[in-house]
Structure formats: structure tokens, C-alpha cells
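Before any questions on how it binds or moves, here is one chain, the form predicted alone, in C-alpha cells.
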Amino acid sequence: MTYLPKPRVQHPALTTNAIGLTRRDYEGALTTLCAGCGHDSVTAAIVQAFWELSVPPHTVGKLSGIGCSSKTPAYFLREAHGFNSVHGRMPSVATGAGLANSALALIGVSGDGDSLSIGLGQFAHAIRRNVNLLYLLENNGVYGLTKGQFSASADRGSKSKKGESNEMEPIDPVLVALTLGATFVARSFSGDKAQLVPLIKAGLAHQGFAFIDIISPCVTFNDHEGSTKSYAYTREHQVEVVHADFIPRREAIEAEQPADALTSVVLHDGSTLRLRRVADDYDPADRDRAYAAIRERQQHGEVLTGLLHVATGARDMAGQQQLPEMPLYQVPYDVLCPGADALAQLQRRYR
């Protein structure tokens, strides 16, 4: 796939942050996602958060797996380190990167298919190890790259574009994260930038595994098997002279959420998403209360948003393993490999 860089020309009067960079310095390639995709709104929030925090782009490591969501890192922080891993294996790469260079600010972007199906085990162990990582899950309930099959997060009773009803119970990533002991858990909506940007900033500042589940609507998955009007059927039965797709243009969905109030958002397909932001006096330190509050809102057909849980005082994996403050890649070779005499002395302790 070819990624086109954005033009580097920018207005000289653009506002700069504390390290002299403009917001455009935190952008990446031109997006290849569908117009109106919620994932692009997430990208905009990530760019805004890093710019407001004045993070030097070269001190960031961005990682992803496979899926529409996993293309997102190409669209922000072009000067950052990046790694696009295989399907569901992003947490392993992030774990290794964090151990090798603890000075990097790590951000992983995944999707509901990448995290809750093939990658569910890796997702669980990254939480268990409390890897120092901001983990964003762009959650749209479908496999967008393969034309909209239900994902593991699709709600029971929800219908696909072709009218089929999902009969399986969904996996709620927020409840999974809370159950496994995640030290920072949040949920937001891609169209609510006012809420999402502060959550991303808080997640970046958190020491340990910071998880944000982001409801990010998919605007097109209409090319299903069995339709004689699908792109695949047309290409198989007609002589094509140019390989081209057309996706109708849609506007990105935005919504402001007042504290402790119900916000109904009408999505592109006409369905309604019912969001309720946590109250100002909500205590995110109480894990049991967070779990109960999420379940209570689910019973009313609502999605609770905001900072749902954060644990203070928890040690990340580097602290648990008593690793030195110096990143391992900077430790001198003679310290990492002290030689045969040091190994023999160590072995004598166990005889």
C-alpha cells in the first residue's frame, strides 16, 4: 500500500507548543480510510493530545496489528518510531520495545477484531504484566477490512447491513480490562474530541497499562457476499479497464457530552448510540464501583464514558522485574555480559 505524505508547507503564523512545534508537525500520511470514518477522528485527537503535551515526536513508539484501526499510526507522528505487527500480536512487540527502551512513550492502536478475537490472549497478558503502554481500541463492532462481518464486540441482536442478526453475546473490552486488573480504564466516542483528547493525555501520563475503548463507527461495509451488485461480483463478471472503488462521502460524527447526562447520537446507518458521561463526583479509584456502574448503564441500553478506573501506586512490569532506570539498550556490554567468572560465581550460589 502506498502512503502519500501530507504537504509540508504550512502557514508561518500557526500556533506552536512549548517545544516550538505546530500541530501539523504531529501529523502523518494522508488517510486512506473511508470519508467520515471515526478512526480519522481518533487520529485527530491523538495529534491534538501529543501537541498539547509538547511531546518530542522522536521519543514516541507507535505500534499496531492488522485491520482498519491498525492503519491509524501511519496518520500521526511521522517522526516517531513505528512497527506494524502481525494480527493480534501488537502487545508482544510493545512489551519488547518497552523493555528495550523504557524512555519511549508507547502508544498502541488496535481494533475489536485485532484485540478481542485473535489477539485476546495477548491483550490479557499485556494487562496482567501492566506494560507501560497507552492502548487505544478503535471499536466498531465489525471486520471492516473484510466487508462487515460481526466482530466479538457486536451487541447481541444488532443487525448487519444485509439484515442478519447477531445471536452471540459480546465481549465488553472495558469489563475484561477491569476483571484482569488494568490500572487505567476509560471509554469514549470518536466524535467527542473534547472528552477523548484529555483521556489520551491522561493515558500517556499514566505509569503502566492505560486502556481506552473508543466507540468508532464504521461508515461503510456494504460489499457483502451474495450481492450481484457488490464490487467483487462486478469485477468477476465484467471487463474492467480501471480498478477503482467509490465510497460515498460522509461527514464525521461529533457530539458533546454533559456530565452525568444521557447523550443520544444518531449514526450514519440511522441507529442510535446512547452515551452517558460519568458524573463529576464519580470515583475512578473504586474498581468494584466502576464495574457495577458499567453493568448498570448497560441494562438501560447506555454506554458509560469517561475515565472509568485508575489505580494509583501500581508498579509497571519494569518495576516488578526490578530493572534499572537506565534503558537496557544503553547499559554497557560488560555490565550486561560480565563474563564466565561472574556466571560461575552465580552458579555456586545454587549448589
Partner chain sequence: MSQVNDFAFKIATANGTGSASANGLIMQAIFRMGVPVTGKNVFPSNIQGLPTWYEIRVNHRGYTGRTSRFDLMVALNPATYAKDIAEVQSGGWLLYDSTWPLEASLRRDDVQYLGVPLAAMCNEAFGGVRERILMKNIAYAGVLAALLAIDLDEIRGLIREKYGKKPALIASNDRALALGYDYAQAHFACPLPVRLERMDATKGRILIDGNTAAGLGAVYAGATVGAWYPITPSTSLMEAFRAFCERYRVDPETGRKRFAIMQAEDELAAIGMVLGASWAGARAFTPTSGPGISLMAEFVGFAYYAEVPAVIADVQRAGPSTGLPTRTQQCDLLLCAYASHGDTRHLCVYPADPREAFEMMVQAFDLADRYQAPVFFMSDLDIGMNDWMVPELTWDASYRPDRGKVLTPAQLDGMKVFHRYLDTDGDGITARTLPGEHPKGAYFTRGSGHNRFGAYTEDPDEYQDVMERLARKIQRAADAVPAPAVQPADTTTRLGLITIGSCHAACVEALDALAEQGIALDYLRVRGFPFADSIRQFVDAHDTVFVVEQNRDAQLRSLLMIETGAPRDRFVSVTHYSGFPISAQHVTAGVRARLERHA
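Numbering follows the first chain given and starts at 1. Heads up, when I say rigid core I mean the largest set of C-alphas that superpose within 1.5 Å between the two forms. Nothing here was measured: the structure is a model prediction, and the numbers come from that model.
The form predicted in complex with its partner chain exists for this protein as well; it is not shown, and the discussion that follows is about that form.
The three residues 78, 129 and 339 all sit with a heavy atom within 4.5 Å of its partner chain in the model of the complex. Remark: residue 58 counts among the residues lining its partner chain in the model of the complex, judged by a heavy atom distance of 4.5 Å or less.
Residue contact with its partner chain in the model of the complex: residue 307 places no heavy atom within 4.5 Å of it.
Within this chain, residue 325 lines the site of its partner chain in the model of the complex, having a heavy atom no more than 4.5 Å away. Within this chain, residue 299 is remote from the site of its partner chain in the model of the complex, having no heavy atom within 4.5 Å.
This chain is displayed without its partner chain, yet in the model of the complex the stretch 69-77 from 157-165, 69-77, 205-213, 173-181 comes within 4.5 Å of it by heavy atoms. Checking 197, 116, 273, 99 against its partner chain in the model of the complex, a heavy atom within 4.5 Å turns up for just one residue: 99. Residues 334, 335, 336, 337, 338, 339, 340, 342, 343, 346, 347, 349, 350, 351 of 334-351 are found to place at least one heavy atom within 4.5 Å of its partner chain in the model of the complex.
Core-superposed comparison between the shown form and the other one: the Cα of residue 20 travels less than 2 Å. Core-superposed comparison between the shown form and the other one: the CA of residue 328 stays below a 2 Å shift.
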